[in-house]
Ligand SMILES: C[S@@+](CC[C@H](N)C(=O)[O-])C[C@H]1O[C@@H](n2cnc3c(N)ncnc32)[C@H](O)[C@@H]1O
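Next up: just one chain, as C-alpha cells, the form predicted on its own.
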C-alpha cells in the first residue's frame, strides 16, 4: 500500500507542503533584496550590528581561514570575517540570486572581490566536497530552511576536522514581560516598517512569524549535537532576542 501522505512544514504561521517552502522563501528575499540591509537596521534599531560584532568576537577569525557563509545574502558576515582575519577567503551561498548580486556590487565597491565567491545554492544540499572549509556561519537564515537538521548535517560534512560552526539567529525571550513587549513590537511595527521602507508588508509579516516558530535555545542546541558536533554552547544576546550557537567538528 502506498503512503500518499505529503510532508508539511511551516511558512510563518502557515503550514505548507515541504516542496513549496524553498520557493516561497526565495520569493520573500527576492522581494526585499534591494532594501534588506536598510530594513535590518530599522527592525533592530541597529542592534544587529552589535550582534554580528559579538559573533566575530566569539569566532575570532584567523588569517588564511576558508569561510562558508550560508544564507549569506549580501555578504555582511563574510565582509566582517575577512576584515577580522586580515586574509583568507569567503564563499557566500544563498538561495536568492538578487541578494548575492547586491553583495557582489558591495564587494566591488570595497575592492574585496578577489576574496569572495558568490554561489546560488541550498543549505540542505551544499555543492561542495567533504572537509572543504574551516568555518561555517549562518546568520538569521537557518529558521528559513525547510529542514534545519539537514542543513546542520551538511555543515558538519563540509567542515574540516577541527572546523567551527557558528549560528546567529533570532531566538526565544525567556522573560515573560519582555517577551510580551517584544511580541507587541514585532507584530505591530515590523510589518508596517516593511510596507513603509520596502513596499512589502507580507514578507516582513512572514519574517516575524518565522521567528516565533523557530526552536528555543536548548532545543536547537540538541539539534546541533544530534548531527555530530561537539563542545556545543550558546550565548543569549539582548536577553534572548537573538542567540549565538557555537560548536566544533572534532
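Residue numbers count along the first chain shown, from 1. This one's a predicted model, so the numbers in the text were calculated from it and none came from an experiment.
Same protein, other form: the form predicted in complex with the ligand, not shown, and the subject of what follows.
A.B. asks: Using heavy atoms and a 4.5 Å limit, would one call residue 148 a contact residue for the ligand in the model of the complex?
C.D. replies: The answer is no: residue 148 has no heavy atom within 4.5 Å of the ligand.
A.B. asks: Considering only heavy atoms, tell me if residue 242 and the ligand come within 4.5 Å of each other in the model of the complex.
C.D. replies: Outside the cut-off, so no.
A.B. asks: Could you confirm whether residue 121 comes within 4.5 Å of the ligand in the model of the complex, counting heavy atoms only?
C.D. replies: Residue 121: yes, in contact with the ligand in the model of the complex.
A.B. asks: Using 4.5 Å between non-hydrogen atoms, is residue 29 touching the ligand in the model of the complex?
C.D. replies: Residue 29: contacts the ligand in the model of the complex.
A.B. asks: Please pick out the stretch from 136-144, 107-115, 154-162, 175-183 that is in contact with the ligand in the model of the complex, where contact means heavy atoms within 4.5 Å.
C.D. replies: That would be stretch 136-144.
A.B. asks: Taking a heavy atom within 4.5 Å as contact, would all three of 25, 71 and 93 count as contacting the ligand in the model of the complex?
C.D. replies: So, yes: the whole triplet contacts the ligand.
A.B. asks: Report the residue, out of 203, 217, 40, 65, that has at least one non-hydrogen atom within 4.5 angstroms of the ligand in the model of the complex.
C.D. replies: Looking at 203, 217, 40, 65 one by one, just 40 meets the 4.5 Å heavy-atom criterion.
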